[in-house]
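We begin with a single chain expressed as structure tokens, specifically the form predicted alone.
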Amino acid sequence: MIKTVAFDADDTLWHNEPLYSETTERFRRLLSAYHSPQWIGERLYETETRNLQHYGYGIKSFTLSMIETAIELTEGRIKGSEIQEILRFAKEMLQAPVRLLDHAAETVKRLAESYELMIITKGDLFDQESKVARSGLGDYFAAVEIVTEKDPQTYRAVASKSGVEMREFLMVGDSLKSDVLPVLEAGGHAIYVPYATPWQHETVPAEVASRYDFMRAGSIREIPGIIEELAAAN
């Protein structure tokens, strides 16, 4: 029996990736006098990936990576005014409205009637807590866990903290790498709800994904039905 249903936040409950894509495009335009847009985008992604081990996930980490990339690509010739522009990008990202995915609110409300709900997400503590509060969904969740990384050990620790066994735990998310495969490895259940434009860093090769037997939904509105089918099968 499933007792706890946990949700990822970004691109599972509300839109997030478009904000990064739009800011990346603005960053490309800002540095267009120095390099081609494609080259700038590739270097930014490389820097961002390299810096995850230092800064973690989230807008602040992304901002530091933009500044580092700008310094490297301009060989130190980046202007103070251009650095200020990058910081303005970051502040606008942090202040951007929270846009819920279609059917997210009704699905969360429905599931809260029968299950303990949690949010388990990566990212900056201040930013993620702010988005949960502004989403209007916060009251439906018994706990919000903002973690450094999502691996089997993390999920086991979160479940133990909540007093639930992994076989009673189900995770819903848009990332096979972070929300699905590590939960299955930890002994829990997971439903994959792919987002329209996934973050490149969270993609999993098809040959790896094929080794796992996981549930998939085309929309978050399908989650309650899938959980009911899972309960009936067991």
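All values derive from a computational prediction rather than experimental measurement. Residues carry their position along the shown sequence, with the first being 1.
Note that the form predicted in complex with a further copy of the same chain isn't included here; everything after this is about it.
Peer 1: Would residue 37 sit within 4.5 Å of a further copy of the same chain in the model of the complex, counting heavy atoms only?
Peer 2: Looking in the model of the complex, residue contacts with a further copy of the same chain do not include residue 37, since no heavy atom lies within 4.5 Å.
Peer 1: Find out whether any non-hydrogen atom of residue 99 is located within 4.5 angstroms of a further copy of the same chain in the model of the complex, and reply yes or no.
Peer 2: Residue-level check for residue 99: no, no contact with a further copy of the same chain.
Peer 1: Is residue 68 near a further copy of the same chain? Define near as a heavy atom within 4.5 Å, in the model of the complex.
Peer 2: Because a heavy atom of residue 68 falls inside 4.5 Å of a further copy of the same chain in the model of the complex, the answer is yes.
Peer 1: Can any non-hydrogen atom of residue 148 be found within 4.5 angstroms of a further copy of the same chain in the model of the complex?
Peer 2: Residue-level check for residue 148: yes, a contact with a further copy of the same chain.
Peer 1: With a further copy of the same chain left out of view, choose which of 166, 184, 30, 64 has a non-hydrogen atom within 4.5 angstroms of it in the model of the complex.
Peer 2: Selected residue: 64.
Peer 1: Identify, from the list 117, 104, 78, 132, the residue with a heavy atom within 4.5 Å of a further copy of the same chain in the model of the complex.
Peer 2: Going through each option in turn, the one that passes is 78.
Peer 1: Report the stretch among 45-53, 168-176, 205-213, 184-192 that approaches a further copy of the same chain in the model of the complex to within 4.5 Å, counting heavy atoms only.
Peer 2: After filtering at 4.5 Å, what remains is 45-53.
Peer 1: Determine the residues of 157-172 with a heavy atom within 4.5 Å of a further copy of the same chain in the model of the complex and present them in sequence order; the list may be empty.
Peer 2: Result: 161 alone.
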